[in-house]
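So this first bit is one chain, no partners, the form predicted alone, shown in structure tokens.
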């Protein structure tokens, strides 16, 4: 009897050189016998995730063979160490690390066939709970692929539910804060009703996806895909596909879609192409999703928007300078060299005297850059203990928090005074453990910090005094998102 994989999470990427023993193993046939039932023919995924190099995140090298042999904690992925020999395990690991020869087809038909609605959203005049629905946090726990709904006043969990494997990009909320949408690296878009604390349904919009955006009216979801190279538009109410756009530039060359953003004041989506020197703007209203192309001098894949959304500030991973484009005219209006690769997608805006400024951490250097948005000039460069990923604040707080999680100082959070532009305090929640991703409550009075470990914690601080208030155990809480801050586009959070 052939072996069958009963797993849901078979997170496999490997960089193993083939050996003579592996060469004697028919890895494709072995995959079909042991893994295809859960992970799909062609490795495109089923009840378990797709087994493609693009989908497996940060797992590398021998860790993959270890997962095959020993299984994976907190999932239904079984151990195959007693059924398969070492050569078979290494051959399987090498096989799933191999890119597909052809881009998988995933169009309207496949998307519609994947759609599964568990229930209709109940008609409710108010939530089924007494907590403030706008001061809830949605906490993504990647340690065991769950999400928690957290009462932001009592700081107590209200519900916890399973999500798809490897959620990627922040969840998005409907304009009234009732529904939250998640996206997995496998392209699954899940809809959850916060008011009734129930999952509504899901649909698979791609094979390898980057993020989602929700239109300003809450009616349309846009999904950015690496595989296939498409932008998918879904009906947010029913999760049915509305349109699949092939991501090709003006010359017809195909590109991965690195990100899509909601431009609320413009009632549009702004799209970043990974491999083509274009920015797209797509109307999200009753315009038939009209596409407008803005030519740029190199592909830009990390964006920050000024509060009016008249300008987009973009950077390229290998680019020499960050560029500012006017979205109305389509013209470049500024360029500046910012060393250390600014993480613009995590930038925040605030008032510095009479000026509007933005601040961003850097992925490759221990710096914060503060930039004036009236003339796009560099106001100040502020040293931090090491390269960081996230920066957060709140309009009601004088302070901004940033991490140094890309460095040896990964356990340290630095606190910036937005009036003096000085680091005034640092906190270390757990020495040696990664501290990252700050979020404020709706009033800007409390700060929640993630301990990015499994098991991990949420550590809650007073936003004014920086005193620790509470700790909540979590399974690697990679991010937490306050409903009010997200739907009101707080100046201290990413959009």
Ligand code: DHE
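Since the structure is predicted, the reported quantities are computational estimates derived from the model, not experimental observations. Positions refer to the first chain, counted from 1.
There is another form of the same protein, the form predicted together with this ligand; it is not shown, and what comes next is about it.
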Legend entry - Heavy atom of each of 152, 448 and 471 within 4.5 Å of this ligand in the predicted complex: no
Inset, instruction - Specify the contacting stretch among 165 to 173, 92 to 100, 304 to 312, 231 to 239, defined as having any heavy atom within 4.5 Å of this ligand in the predicted complex. - result: 165 to 173
Inset, instruction - Scan 410, 210, 266, 191 and let me know which has any heavy atom within 4.5 Å of this ligand in the predicted complex. - result: 210
Inset, instruction - Have a look at 351, 317, 219, 115 for me and say which one sits with a heavy atom within 4.5 Å of this ligand in the predicted complex. - result: 317
Inset, instruction - State yes or no: in the predicted complex, is some non-hydrogen atom of residue 481 no more than 4.5 angstroms from a non-hydrogen atom of this ligand? - result: yes
Legend entry - Close approach of residue 490 to this ligand in the predicted complex, 4.5 Å, heavy atom: no
Inset, instruction - Consider residue 437 of the chain shown here, and say whether it contacts this ligand in the predicted complex, taking contact as heavy atoms within 4.5 Å. - result: yes
Inset, instruction - Answer with yes or no whether residue 31 is in contact with this ligand in the predicted complex, where contact means some heavy atom within 4.5 Å. - result: no
Legend entry - Within 354 to 392, the residues that have a heavy atom no more than 4.5 Å from this ligand in the predicted complex: 389, 390, 392
